[in-house]
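Take a look at this one chain, the form predicted on its own, written out in structure tokens.
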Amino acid sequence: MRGNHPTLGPSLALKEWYNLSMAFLDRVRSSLPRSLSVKISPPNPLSKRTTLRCGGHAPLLELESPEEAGQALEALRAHQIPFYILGRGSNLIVADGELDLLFLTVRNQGAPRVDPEGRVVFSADQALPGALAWCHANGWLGLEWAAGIPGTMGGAVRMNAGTRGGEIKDNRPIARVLSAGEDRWKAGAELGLAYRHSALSAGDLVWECALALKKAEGGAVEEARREVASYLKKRNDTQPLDQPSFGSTFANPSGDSAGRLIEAAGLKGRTRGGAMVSPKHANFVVNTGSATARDVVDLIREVREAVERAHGIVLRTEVCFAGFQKDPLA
């Protein structure tokens, strides 16, 4: 995958970027069956599709049915086209530069429904805040842990999203997973949900998921709404929600808090380029307005190394990386 070319003049860099990007786009288009009617957008700025608001350019493929998603996945694998499945980009760093990487987005947009077993089924592109609002409007409880998480249901399954109030694993999810040549529902050990982790591979696309929720009785919904509002207020008071970030940077080590360790190492307010360790919450790396992906990665590495020196603990990131040729933190 290509990166930026700082030694090139602006006009030459732009011309090279256009030619190389179009070549990859042509390769993508030629790999897909002509009978497959899908939308492929030319290279887009991924900074507009991630909550961190930085990253390079890459084409986007929108998938609107499980049938076309399955065909596309099979064709991309057969032609060795690198791709990345993109939700709302809320837990993601995309490399800088022009990327030979196709981003896949689900455009299912189906309304939540209740299946014959009484589980609530959500499409993969359903935003978690909207899912929680739907649950309360329709008398369902059990998704309150998702309050304030900006991601999608598909991403929540892939990363076993959660907060201190719970995680999606608690809802005993089953997920419809598509991959090259396969379309089936998975649950339990096949999903392999653990702390901010699942057993799903990079080529697995979650199309929808069904959750075990509870029908509310009496004034339970109103009580749940009050608790959520109280939690969101506390979150707003203690986290830098007014600045671009991907949320928590590091997973909490057993029995401790990543934020506490980072703050104790004297790293609040530390900067690299346009990236900064938030003075409000040390486990948030924020984009002050001009951060590149390299700024963010360099700052994360610096923080991790400083915490290891200070406390003897190696923090594990909760963040996903896309478009890097190798592990950017190695």
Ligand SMILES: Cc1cc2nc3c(=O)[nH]c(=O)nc-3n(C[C@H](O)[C@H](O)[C@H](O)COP(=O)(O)OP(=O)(O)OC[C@H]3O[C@@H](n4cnc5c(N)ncnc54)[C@H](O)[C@@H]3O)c2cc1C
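Computed from a prediction, not measured in an experiment: that's the story for all the values here. Note that residue numbering follows the sequence shown and begins at 1.
Beyond what is shown, the protein has a form predicted in complex with this ligand; the following relates to that form.
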Original post:
Which among 219-227, 156-164, 71-79, 111-119 is in contact with this ligand in the predicted complex, heavy atoms within 4.5 angstroms?
Top reply: 156-164
Subject >> Candidate site M22, R53 and L99: all three near this ligand in the predicted complex by heavy atom within 4.5 Å >> reply: no
**OP:** Find the only residue in G259, G148, P173, G142 having a heavy atom within 4.5 Å of this ligand in the predicted complex.
**Re:** G148
Subject >> Close approach of N252 to this ligand in the predicted complex, 4.5 Å, heavy atom >> reply: no
Subject >> this ligand contact at C320 in the predicted complex, heavy atom, 4.5 Å >> reply: yes
Original post:
Heavy atom to heavy atom, is A124 within 4.5 Å of this ligand in the predicted complex?
Top reply: yes
Original post:
With the cut-off set at 4.5 Å between non-hydrogen atoms, does Y231 touch this ligand in the predicted complex?
Top reply: no
Subject >> Residues within stretch 73-93 having a non-hydrogen atom within 4.5 Å of this ligand in the predicted complex >> reply: Y84, I85, L86, G87, R88, G89, S90, N91, L92
